[in-house]
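Next up is one chain by itself, shown in structure tokens, the form predicted on its own.
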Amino acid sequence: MGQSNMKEIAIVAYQQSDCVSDAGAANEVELIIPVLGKVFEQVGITNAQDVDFVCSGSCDYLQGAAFAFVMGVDALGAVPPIKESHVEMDAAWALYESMLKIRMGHAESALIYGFGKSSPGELPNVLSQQLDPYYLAPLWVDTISLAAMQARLMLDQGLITERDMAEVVARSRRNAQGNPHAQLGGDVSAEDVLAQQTYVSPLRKADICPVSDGASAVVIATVEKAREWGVPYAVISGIDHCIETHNLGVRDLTDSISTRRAAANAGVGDGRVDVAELYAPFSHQEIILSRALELGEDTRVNPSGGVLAGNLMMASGLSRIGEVFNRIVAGEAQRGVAHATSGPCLQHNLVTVLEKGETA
């Protein structure tokens, strides 16, 4: 979805909660409200009624109750009524829906938020419900085991080494030291990672993203509205998402064809990429994605630490977009790429291209 002959849409605000391993007694509403308050303040508005549309992303399976996302809506306030929607997946796709709403002329601005409290359950097992319901889901194959199989395929084919994976982890931990919201960070070397015992061969625990609780939020608007608000912004110059079959046996798990296609449709190759935030829940997947996006050596990959430093389930994809926005409005980048994923072994992928706005 490019910008030609259409109104330009920009990100004007982004906020995220800290990634914590266990939010304790705090419920989803209590995780969301502080983030919404900060994002409203960033734009200079007071509540959800000040935007034209609201869309959220979450997963009822994390809370273990049907229509559990409705409780999260309590964070917005019940009166006066608003135009609101929800996607049962990462909030990056809620941003996509919100862009369509603006493109259709039904809104000029939108609030998008995602949230998840994963700590009460066993997330790798919960996510097995994303698998094919007839053949794979009944086996309860967890996400870590599937990712380990993917990594083993890559190692056996000589596409990566265990040191390559360890280097990804070490860079993530070092970068996360500059991210106040990160759950894991520190001065870690590849040797430190390689010294760890394997957890699910060939993966070590450091190769696997942590389970995190929290929320994130973004406000988007037409460029005209952004200028009216008088806030720095980053233009969304392209966005697209593609999905691959749920049958893992007919996919090339060592590549991400859907990411390649989404990147081509979003126009990733049309210019220099200064920064990229990739939703790679496992270290080897960052390598797959970097290759699929054809990122150069001069592209800064996951300067926030990425999801290996903290994974807000159902919000981390939106946070990748927000992190690129942060780099652009801070003057650290002119153009960046954000990636979000859903499903086993990078099944469904969304790619967003952001560029500096005139007032950024």
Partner chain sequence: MSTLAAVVGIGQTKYTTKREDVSIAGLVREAAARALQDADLGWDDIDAVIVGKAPDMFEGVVMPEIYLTDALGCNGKPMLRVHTAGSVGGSTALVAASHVQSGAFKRVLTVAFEKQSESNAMWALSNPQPFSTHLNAGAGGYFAPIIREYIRRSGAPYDTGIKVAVKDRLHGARNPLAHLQLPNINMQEVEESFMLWDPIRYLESCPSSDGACAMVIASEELADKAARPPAWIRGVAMRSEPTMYAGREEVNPQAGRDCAADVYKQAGITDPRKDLDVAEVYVPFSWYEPMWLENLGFAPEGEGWKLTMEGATSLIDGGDIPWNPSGGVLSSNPIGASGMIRFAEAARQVRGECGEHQVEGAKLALGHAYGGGAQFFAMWVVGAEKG
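Numbering follows the first chain given and starts at 1. This is a predicted model, so every value here is computed, not measured.
The form predicted in complex with the partner chain is left out here; the points below concern that form.
Picking from 101 to 109, 225 to 233, 189 to 197, 277 to 285 the stretch near the partner chain in the predicted bound form, with a 4.5 Å limit on heavy atoms, gives 101 to 109. When contacts are judged by a 4.5 Å heavy atom cut-off, residue 167 does not count as touching the partner chain in the predicted bound form. Mapping the unseen interface onto this chain, residue 330 falls outside it, with no heavy atom inside 4.5 Å of the partner chain in the predicted bound form. Among residues of the shown chain, residue 64 is one whose heavy atoms approach the partner chain to within 4.5 Å in the predicted bound form.
In the predicted bound form, the partner chain lies within 4.5 Å of some heavy atom of residue 83. When you look in the predicted bound form, the only residue of 73, 160, 184, 264 with a non-hydrogen atom within 4.5 Å of the partner chain is 73.
Highlighted residues 126, 242 and 342: every one comes within 4.5 Å of the partner chain in the predicted bound form, counting any heavy atom. Heavy atoms closer than or equal to 4.5 Å to the partner chain in the predicted bound form belong, across 132 to 149, to the residues 132, 133, 134, ordered by sequence position.
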